[in-house]
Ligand code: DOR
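Below you will find one chain, with nothing else, as structure tokens; this is the form predicted alone, and questions on how it binds or moves follow later.
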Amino acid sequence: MKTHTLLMPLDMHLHLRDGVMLENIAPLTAYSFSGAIVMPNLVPPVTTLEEVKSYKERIMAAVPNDYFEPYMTLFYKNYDKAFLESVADEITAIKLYPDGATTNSDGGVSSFNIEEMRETLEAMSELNIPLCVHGETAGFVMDREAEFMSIYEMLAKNFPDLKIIMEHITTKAAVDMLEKYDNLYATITVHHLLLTLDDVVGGMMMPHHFCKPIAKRPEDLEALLRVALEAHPKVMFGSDSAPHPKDKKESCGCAAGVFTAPIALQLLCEIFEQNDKLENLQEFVSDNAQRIYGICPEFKEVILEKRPFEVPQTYSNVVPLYAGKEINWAIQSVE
């Protein structure tokens, strides 16, 4: 039986929600990942030191039997330096959402005015707090990420010491942008390494393939695969795994989000093996993130084996990507 071992896997973009959903979903990530960057877009969003600490306590209570480090984030506001100094030891990054761009992003940034943002972004630079960005405009859905490249350039130029993470990139334009500025990095999801827009609406509408940013063109998929498979030093894995109850996905108002947390490592093994790049998966799923963020997760060894695995139809009323389908890798053990 062919096996592959991953050490300290990290998910650098994860939605855990809250309440019952958190209790049901968090253990699925904690089982196979050493840690994850946890998104702050709750209702209301996480914006204070007390809310950061309380949310982390709820996450840890949901995963009492697994070593798992939730790397906490704040929802971006124009914070002053004194506040950022007070919270710096409790967070790993700050997440910026354009207002209304995705799930629970109301109250995000509505105007990218550099002078209004300067105090916050300069303080983040000094305190070495990365800025994670959902990079989409309010334009035509297929062009939103490409249109946002000018904003990334503006931020990168004006704040050269600020580490900026282009989250869940989906376009060749974003891949090209990586090379233009030393302080730009990116996360890539597993579903954007598998899906194009055809897989979402090319035939019947596939609600469990629908996310924001939406999957793009074949040439965009090829660009993402290239840098992921090469384990480009400026890219890292971030699942953007986004759980929604089944009835919220299979409805007229289909919620945006693809749920991959319990099968992400298995699918990544399949993708990297099919492209004869399995030896690069460790860097993509852990080593690059450790270096970029300056984190050192405790030891966890995940052994995967190549054997048929049927993806469950649901995990606690959340439908995963490829529900009911057979994939080629499974988790053998975690130590």
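When you see a residue number, it is the position in the sequence shown, counting from 1. As the structure is a prediction and not an experimental result, all values here were calculated from the model.
Form predicted in complex with this ligand: not shown, discussed below.
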- Verify the contact flag for K172: yes if a non-hydrogen atom of it lies within 4.5 Å of a non-hydrogen atom of this ligand in the model of the complex, no if not. no
- Using 4.5 Å between non-hydrogen atoms, is V201 touching this ligand in the model of the complex? no
- Query: So, in the model of the complex, is D240 in contact with this ligand at a 4.5 angstroms heavy atom limit?
  - Reply: yes
- Query: Might T92 be said to contact this ligand in the model of the complex, defining contact as any heavy atom within 4.5 Å?
  - Reply: no
- Tell me whether K2, K306 and V334, taken together, all sit within 4.5 Å of this ligand in the model of the complex, counting heavy atoms only. no
- Note on the structure: Within 4.5 Å of this ligand in the model of the complex by heavy atoms, the stretch out of 123-131, 210-218, 151-159, 224-232 is 210-218
- Which residue among Q282, S32, Q266, N41 has a heavy atom within 4.5 angstroms of this ligand in the model of the complex? N41
- Message: Please tell me which of A138, A88, M206, A256 lies within 4.5 Å of this ligand in the model of the complex, judged by heavy atoms.
- Response: A256
- Note on the structure: Checked 1-23 against this ligand in the model of the complex; residues with a heavy atom within 4.5 Å, sequence order, are H15, R17
